[in-house]
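Below, in structure tokens: the form predicted alone, a single chain.
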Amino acid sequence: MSGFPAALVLEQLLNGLQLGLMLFLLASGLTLVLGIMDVVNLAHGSLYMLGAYFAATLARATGSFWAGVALAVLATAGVGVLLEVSVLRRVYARDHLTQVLATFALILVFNEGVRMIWGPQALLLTVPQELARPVRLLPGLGYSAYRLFLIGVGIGLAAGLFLLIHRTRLGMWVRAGASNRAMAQAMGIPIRRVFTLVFGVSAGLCAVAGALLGPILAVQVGMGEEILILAFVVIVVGGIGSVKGALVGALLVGIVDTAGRALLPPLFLRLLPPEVASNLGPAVASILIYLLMAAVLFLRPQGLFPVRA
């Protein structure tokens, strides 16, 4: 980081922290669904997209950003429960290829359904007025109040999820299911109800991320696919089925991706000829998280915090 202004480095670290915490909301649900239910759910990103569309529509209908977000979370969690009961239960016993095909079909259904209901144009979701102004963190460093709010929400939800998983009976059932589903079922744990609840909670977390990122990113059809790839990288880095791993992996991916895209191109410009640096910088920055994933897989094939079976 030598040679870069401290304010720029701090700003990019905060941006990476904010992206990482939002990725954690997606990846925590995805890793639980994959670790406990053994279901490869490619439609997880579609629930994120649905949460953003619900939030944009309901915020406009109620005139309140906060009411729109709260209602969007409830609506998306309800859709998630219906999806688990009506579709996913039928593929639990099938192989992963069948699950991939079924959930990929759901992506197409959700994308076309959203296009039919809301149209092909992106929706506008604006930052609430009380968080629209920057906050002065240090002399010469102003930072978006809304992004600070996202960091606070992410930390709060991560702490709440940690307490739920490690300090409650439901969390004990979830950990038992992630460790050994057959044994947990034999011990009398109602795995089917746990499945439904986990899927509903993961859908709600998707909606939180989609609704809160809506004012920063575009609310548009297909927005879930790009972030789903990042969420899969997170759970591979952190370890499948591990919420702790999802948090650490999300923070690593968020900070590496953000800092790489912001700092690598100007760094290369200082070290290489401009025509080489202009092509090499963005290219290396875009693959940095995949290099991170490859390094983790090489050193720890089960991820940083694997669930013990």
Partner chain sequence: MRIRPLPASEVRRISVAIPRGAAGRLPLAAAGILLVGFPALAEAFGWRFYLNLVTKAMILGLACSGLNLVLGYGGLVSFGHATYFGLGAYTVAVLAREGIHAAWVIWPAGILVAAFAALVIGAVCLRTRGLPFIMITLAFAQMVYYGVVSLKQYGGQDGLRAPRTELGFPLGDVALYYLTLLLLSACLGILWRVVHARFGRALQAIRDNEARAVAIGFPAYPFQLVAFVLSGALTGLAGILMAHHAQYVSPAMLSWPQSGAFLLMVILGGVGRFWGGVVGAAAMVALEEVFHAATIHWQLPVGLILLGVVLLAPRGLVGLLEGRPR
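Residue numbers count along the first chain shown, from 1. Note that the structure is a prediction, hence the values are computed from the model and not measured.
There is another form of this protein, the form predicted in complex with its partner chain, and it is not shown here; the text below is about that form.
Note that among 205 to 213, 189 to 197, 128 to 136, 110 to 118, the stretch whose heavy atoms approach its partner chain to within 4.5 Å in the predicted complex is 110 to 118.
Of the listed positions (Leu74, Leu97, Leu124, Ala182), a single one reaches within 4.5 angstroms of its partner chain by any non-hydrogen atom in the predicted complex, namely Leu97. At a distance threshold of 4.5 angstroms between non-hydrogen atoms, Ile229 is in contact with its partner chain in the predicted complex. When its partner chain is considered in the predicted complex, Leu10 lies well away from it, no heavy atom lying within 4.5 Å. In the predicted complex, Arg90 approaches its partner chain with a heavy atom inside 4.5 Å.
When contacts are judged by a 4.5 Å heavy atom cut-off, Leu34 counts as touching its partner chain in the predicted complex.
Using a 4.5 Å cut-off to its partner chain in the predicted complex, not one of Leu141, Leu264 and Leu267 places a heavy atom inside that distance. Interface residues of 250 to 287, taken as those with a heavy atom within 4.5 Å of its partner chain in the predicted complex (partner not displayed): Asn279, Ala283, Ser286, Ile287, in sequence order.
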